[in-house]
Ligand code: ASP
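Just one chain follows, in the form predicted on its own, and it is written as structure tokens.
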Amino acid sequence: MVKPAVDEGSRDNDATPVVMKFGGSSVADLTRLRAVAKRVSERAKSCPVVVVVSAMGKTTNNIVAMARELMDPPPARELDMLLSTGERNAMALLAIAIHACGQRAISLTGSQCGIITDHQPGRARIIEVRPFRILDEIAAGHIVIVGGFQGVSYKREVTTLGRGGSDTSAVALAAALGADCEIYSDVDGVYSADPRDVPEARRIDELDYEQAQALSRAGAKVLHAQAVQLAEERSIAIYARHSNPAIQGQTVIRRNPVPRPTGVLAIASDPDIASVQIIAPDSGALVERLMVELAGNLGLRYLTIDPFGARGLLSCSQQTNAEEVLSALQARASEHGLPKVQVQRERAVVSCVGAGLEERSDLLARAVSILGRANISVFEIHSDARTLAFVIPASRRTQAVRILHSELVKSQGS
């Protein structure tokens, strides 16, 4: 029998709790999982700890691949039920590893810990968190391990929150518990580009919520856009850190960080985009309402609806049920006599993210010129105050990221 590493009364259960979220790479195998268990156990000696964990390694991708071998696309309800098992495996194994370290832990699913969502399979949104079970387990001296990325809908169905949804689980729990929120991954914060694409990319020490959301929506993988939005609404600071305690750097996302000049702060990309266009046979207000019905709930980025149709971008890399969404759109459009639904694949989005970009017309001209000199075709351009986004061939994504970073970020020393 494993004895507790500390006396049950040595920890102050009234201290401010901390939510620690570990991504799939941090628990990819038993060796890494044991390291996380040791780190969590040490932290739990001084304060209550709630851990949110993602599925181990490439578990989610493997599960989706198996489902699609049986049926493509698989039924949305069953896919959510299936995907939730990845986090459940990880949370139970981590709880066992923490017991082996001499601490008491209990694993809870999203529904058991009170994460209530709407009823959108594959991309549910959290409505509220009822953390009564978590508080009870903290009071009993347990480290609480929560399966991220999942909840239960008001219809009592298991739901998943979309790619990166474990971040959202962590922030939501931190808000409900009045806790700090720490996000651990295989990088020590948010960088000016993905270091795998741009080895010379630099860590950004501080970001405001808007910049972090723009980077997340553009494809940066360290944080999830919905999580950052929720953190802003609840004024929760997020600390993005490396899962290896020997690496001490971090990025802090909070309100009113040190002001930065206008310009490009980072380059982000999304490698798998579907460009969707619904062409209406005629124009008018009735068509606009029909476009809202067809496209308004698809999760399209840069959605545009007008009397002539609708268009937008669907992130197939960030949405687990993207293929089903596209199939359902085709079917519903046909029902309404709209056979002209165009879907362009093998696209990527490369985005320049910063501050005051709409005020810097020179930056758009420079970016277009940089891509043109490299003979990279640009199919669409989208812009707002934080982002200049370019839809390009997926095969040229890495090249585009590198040259834009070199000339728009590295050159200005930001």
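Quick caveat, the model's predicted, so the values are computed rather than measured. Residue numbers run from 1 along the displayed sequence.
Form predicted in complex with the ligand: not shown, discussed below.
- At the 4.5 Å threshold, heavy atoms of residue 121 stay clear of the ligand in the predicted complex, well away from it.
- None of the heavy atoms of residue 351 is located within 4.5 Å of the ligand in the predicted complex.
- Using a 4.5 Å cutoff between non-hydrogen atoms, residue 166 counts as a contact of the ligand in the predicted complex.
- A residue is said to contact a partner when one of its heavy atoms sits within 4.5 Å of a partner heavy atom; residue 60 meets this definition for the ligand in the predicted complex.
- Residues within 4.5 angstroms of the ligand in the predicted complex, judged by any non-hydrogen atom, belong to 52-60 and to none of the other stretches in 52-60, 357-365, 37-45, 370-378.
- If you take 81-102 and check each residue for a heavy atom within 4.5 Å of the ligand in the predicted complex, you get just 87.
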